[in-house]
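Single chain ahead, written as structure tokens, the form predicted alone.
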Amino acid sequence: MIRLQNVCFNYDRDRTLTDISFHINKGEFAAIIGANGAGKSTLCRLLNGLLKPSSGSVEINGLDTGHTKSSVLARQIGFLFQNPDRQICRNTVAEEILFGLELLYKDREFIAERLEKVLSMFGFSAEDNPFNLSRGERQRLALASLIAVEPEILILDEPTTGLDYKECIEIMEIVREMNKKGTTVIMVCHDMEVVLDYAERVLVLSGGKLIADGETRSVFCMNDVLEQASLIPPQMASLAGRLGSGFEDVFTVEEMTELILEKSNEKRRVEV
């Protein structure tokens, strides 16, 4: 579905990404992580055709983004900006959700049905002014506009920035449901707890290079990779690492509790 082959990208004379290659299959939920300036947002914009590679190739469903209009790619790819105020452009919630629907579809009955379904799903009032909504509500509106058109691929650039815990969970559970229904999700995220809870695969960028790509738990066990990328693992994984041997595969409170109880019971049996 998504294939990058030896992709490089330069801003003016500065190299931002170097020799990036990977393939993402339909229905995957992948996270792109790395320190500020690693090239994550640039990579996202290459994936949706807003940027074209300086060399190498980016293919989306067999379409080479270097030779395909962004408007064509937009029919398959939904892109959620880090800042919803760069995405929202209409005067009411309903108009904002209708914007993409009316660009892609002609069937008025279908458009009206989709609008009502999405309004109900998110609990929005159709006539509300988007810019009177809270930061979290505007982020949800931007996501609602994408869900309305049911993209095959959803790219999220820091979707939880500026959200409280409740807003974060609401956003991510909606994204998870889309993924369960077959939408391919690629998420740039600075919150390692969110990455651990939702992503099945992690790609690590450092200095514009892809230094790791694998199953989420496996990547979070690569201490040398995380150190190189200036990343701190999820809290429970970090604690498990400090506890040493026997705790290597612990990532949640439940797993930690179960393992400690197991070790405690073993100790009692030995003492008896």
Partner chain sequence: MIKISNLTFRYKDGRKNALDNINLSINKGDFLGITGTSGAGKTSLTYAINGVIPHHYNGDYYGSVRIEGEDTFDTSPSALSLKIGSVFQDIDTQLVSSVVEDEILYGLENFSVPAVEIEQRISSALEAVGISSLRYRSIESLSGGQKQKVALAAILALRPKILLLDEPTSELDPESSVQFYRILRELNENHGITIIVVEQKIMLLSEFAKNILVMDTGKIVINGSVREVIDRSSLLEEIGINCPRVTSLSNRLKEEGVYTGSVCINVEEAEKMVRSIIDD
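Positions refer to the first chain, counted from 1. Because the structure is predicted, anything quoted here is derived from the model rather than measured.
Keep in mind the form predicted together with its partner chain is missing from the figure; the text below concerns it.
Contact annotation for G49: none of its heavy atoms lies within 4.5 Å of its partner chain in the predicted bound form. Within 4.5 Å of some heavy atom of its partner chain in the predicted bound form lies at least one heavy atom of S264.
Interface membership of D164, defined by any non-hydrogen atom within 4.5 Å of its partner chain in the predicted bound form, is confirmed. N25 falls outside the set of residues with a heavy atom inside 4.5 Å of its partner chain in the predicted bound form. Here the chain stands by itself, but in the predicted bound form one stretch of 166-174, 148-156, 67-75, 90-98, 166-174, has heavy atoms within 4.5 Å of its partner chain. Exactly one listed residue, out of A212, C221, A30, M236, brings a non-hydrogen atom to within 4.5 Å of its partner chain in the predicted bound form: M236. For the candidate spot formed by A112, L115 and S120, no residue has a non-hydrogen atom within 4.5 angstroms of its partner chain in the predicted bound form. Scanning 68-87 for heavy atoms within 4.5 Å of its partner chain in the predicted bound form gives Q82, N83, R86 in sequence order.
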